[in-house]
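What follows is one chain in structure tokens, specifically the form predicted on its own.
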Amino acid sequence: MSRLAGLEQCTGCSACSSTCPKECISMIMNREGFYYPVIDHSQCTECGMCEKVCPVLSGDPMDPADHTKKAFPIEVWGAKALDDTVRESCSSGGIFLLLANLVLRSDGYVFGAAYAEDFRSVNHVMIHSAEEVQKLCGSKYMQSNTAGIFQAVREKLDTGDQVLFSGTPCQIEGLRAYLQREYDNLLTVEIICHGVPSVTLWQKYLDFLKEKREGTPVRVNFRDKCHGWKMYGLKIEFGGQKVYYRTHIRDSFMQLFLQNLSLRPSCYRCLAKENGSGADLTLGDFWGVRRIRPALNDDRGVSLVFVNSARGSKAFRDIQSKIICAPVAYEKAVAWNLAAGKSVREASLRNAFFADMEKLSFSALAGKYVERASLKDYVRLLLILLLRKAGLR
């Protein structure tokens, strides 16, 4: 029987289901709201391919000896797009959008996470035009479904097309394990990942908000910047011009995420993050920019960029004319961005939380588990609102 069954460290990357020659492995969402491989043993020939490409079971198949030795970035930058409209459409400094457009202009393909039409889930998709790129921009705080995507990536790579694949570190690691070789025409871009929250929890929350507003979501933005990049908020637009908005310190879904209650088990010991995924570039928010590189700070979003390979370095150089950037010491960058190299600590009440998620309403669940924001946070929010109203921020 395959060792995949019941594998606690499974990240749901889908490398196993993508490589199965009998197509007898399906990625099925479990009761907590995370994708896991389910094997049809009546079709399985025990060929071992699934275990060979599993990053958890086999390490990095392209370089097993170095899998437990995380390489430090060759360059670290703080960067932001010169065009403010680019930053407005992105969570931080707009670097991903510029990289995506770079590949699309070469008639290439970009793979990334996009909302389903009803906004109840997130799927990895392939795009081939600048008109589509906006759907891949912005943070989406739930695990994306990569079913069928790795095969599509390999198909484009094998025909010589330029490809950009973006995702979480475990998704990058899963893709590289599936491909089993390096491709000069592949650029991989990972995000600095706090962890992936439950899709089921998000759906429960969305149903709660829909019932209160009696409408259907037409737009979701987890990182709305109406009060600035640092005090970002969740904004959901419903039909009939009804809008829900809360800053991240007041929104219940975001707080359950930031309190580490709603994450996938593997996120508490992320091997892809701790050992390195092999991504060419790592992108995240440049928290700490005000102290490290104050000249870049304007509260509209600044990206932290780790350049991890020669391919990543070339791509970053190719967008230099469209950005403002400054070098950053790696030690200072990670001091303010702990998720760049460390897994989050598992919340002591995580198991109790998921047991309650099955039986409690979202309102009752939030009432039981969401910690109230501190007085300091509320004072900070009030100060930001007053300064913005006065036109001073």
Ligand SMILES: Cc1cc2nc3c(=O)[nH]c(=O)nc-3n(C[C@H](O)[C@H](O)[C@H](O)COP(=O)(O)OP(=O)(O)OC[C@H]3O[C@@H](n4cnc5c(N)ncnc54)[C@H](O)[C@@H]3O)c2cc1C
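So that there is no doubt, residue numbering starts at 1 and follows the sequence shown. Bear in mind the structure is a predicted one, so any value in this text is a computation, not a measurement.
Not pictured, yet referred to below: the form predicted together with the ligand.
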If contact means a heavy atom within 4.5 Å, which one of 187-195, 246-254, 291-299, 315-323 is the stretch that engages the ligand in the predicted bound form? 187-195
Within 4.5 Å, heavy atoms only, which of I149, C90, A272, V163 is in contact with the ligand in the predicted bound form? C90
Have a look at L234, L179, L281, M142 for me and say which one sits with a heavy atom within 4.5 Å of the ligand in the predicted bound form. M142
The ligand contact in the predicted bound form: A113, any heavy atom under 4.5 Å: yes
Tell me, yes or no, whether N337 is in contact with the ligand in the predicted bound form, where a contact means a heavy atom of each within 4.5 Å. yes
Just to confirm, G138 within 4.5 Å of the ligand in the predicted bound form by heavy atoms? yes
Taking the ligand as it sits in the predicted bound form, is S303 near enough to touch it, meaning that at least one heavy atom pair lies within 4.5 angstroms? yes
If you check in the predicted bound form, do H124, G167 and R223 all have a non-hydrogen atom within 4.5 Å of the ligand? yes
